[in-house]
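There is one chain below, alone, in structure tokens, taken in the form predicted alone.
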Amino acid sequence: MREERAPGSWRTTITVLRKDLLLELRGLETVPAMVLFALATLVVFHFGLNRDTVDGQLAAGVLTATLLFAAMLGINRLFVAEREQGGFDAFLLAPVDRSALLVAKALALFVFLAVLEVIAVPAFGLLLLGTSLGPPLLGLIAMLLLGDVALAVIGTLVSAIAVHTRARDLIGPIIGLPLLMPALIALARGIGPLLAVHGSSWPPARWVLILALYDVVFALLAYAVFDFLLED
């Protein structure tokens, strides 16, 4: 059935993605909450660590944890509108490729994360890093984008499972955090050398490859099982 509906799958994906982005622009519910949570977390780290600056792996851990906590807010709300307004039933009845919903939601979450980082990373530099990133900035952007792919794909898959349960705000982190752990470790280890004093200008190749491979594996896994999650 996927092959018959494939020609219109991208059109369906773009339609759903545009709907989600327009709803967020009009309501401003998810992204502002994510940004506020990230900024509050950075402020707590700033005063809680009792240090003027952090660098290296400590800085990488702080940034990774902050982005993870903020991302969980977006993940928990990803399918709420479809669940409350009957969007799942309408999508099941429509003659479209169901995986288009997976791609659209993952892209929407990726956009939310990118907007979050545009604000949170400069705030992190101001509150905790103490120095400009300079040459390592491109490497940091590359690692964050790979990390965003992992968060978006796994977050979409987990959100589709959790939204069918009563305790969706609890089930999402319980399932998602163990699945995300290898990607988060690779992200933190990859950006650690970039945030060190006189550190490298590009992340270690092995962590880039591990994170990229993790993205590919879970993207294929999510694509394979998403139809069954919608039907259940």
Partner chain sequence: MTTYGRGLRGLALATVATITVAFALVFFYAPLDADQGFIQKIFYLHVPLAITALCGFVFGGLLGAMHLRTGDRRWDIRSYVAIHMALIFGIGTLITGGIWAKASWGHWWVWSDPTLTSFLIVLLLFCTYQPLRFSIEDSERQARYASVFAVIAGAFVPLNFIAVRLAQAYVHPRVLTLTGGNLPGAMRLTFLVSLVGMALLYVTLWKYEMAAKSTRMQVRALRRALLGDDGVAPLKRSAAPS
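Remember, it's a predicted structure, so these values are computed and weren't measured experimentally. Positions refer to the first chain, counted from 1.
One more form of this protein, predicted in complex with its partner chain, exists but is not displayed; see below.
Enquirer: Heavy atoms, 4.5 Å, its partner chain in the predicted complex: which of 47 to 55, 34 to 42, 64 to 72, 168 to 176 makes the cut? Say which one.
Expert: Selected stretch: 168 to 176.
Enquirer: Wondering, does Pro204 line up within 4.5 Å of its partner chain in the predicted complex on heavy atoms?
Expert: Because no heavy atom of Pro204 falls inside 4.5 Å of its partner chain in the predicted complex, the answer is no.
Enquirer: How about Met143: is it within 4.5 Å of its partner chain in the predicted complex, going by heavy atoms?
Expert: No, Met143 sits far enough from its partner chain in the predicted complex that none of its heavy atoms falls within 4.5 Å.
Enquirer: Does the 4.5 Å heavy atom contact test between Ile119 and its partner chain in the predicted complex come out positive?
Expert: Taking the distances in the predicted complex, the answer for Ile119 is no, it never comes within 4.5 Å of its partner chain.
Enquirer: Examine Ile185 and determine whether its closest non-hydrogen atom to its partner chain in the predicted complex is within 4.5 angstroms.
Expert: Looking in the predicted complex, residue contacts with its partner chain include Ile185, since a heavy atom lies within 4.5 Å.
Enquirer: Taking 4.5 Å between heavy atoms as the contact cutoff, choose which of Leu107, Ala123, Val115, Ile161 touches its partner chain in the predicted complex.
Expert: Residue within 4.5 Å of the partner: Ile161.
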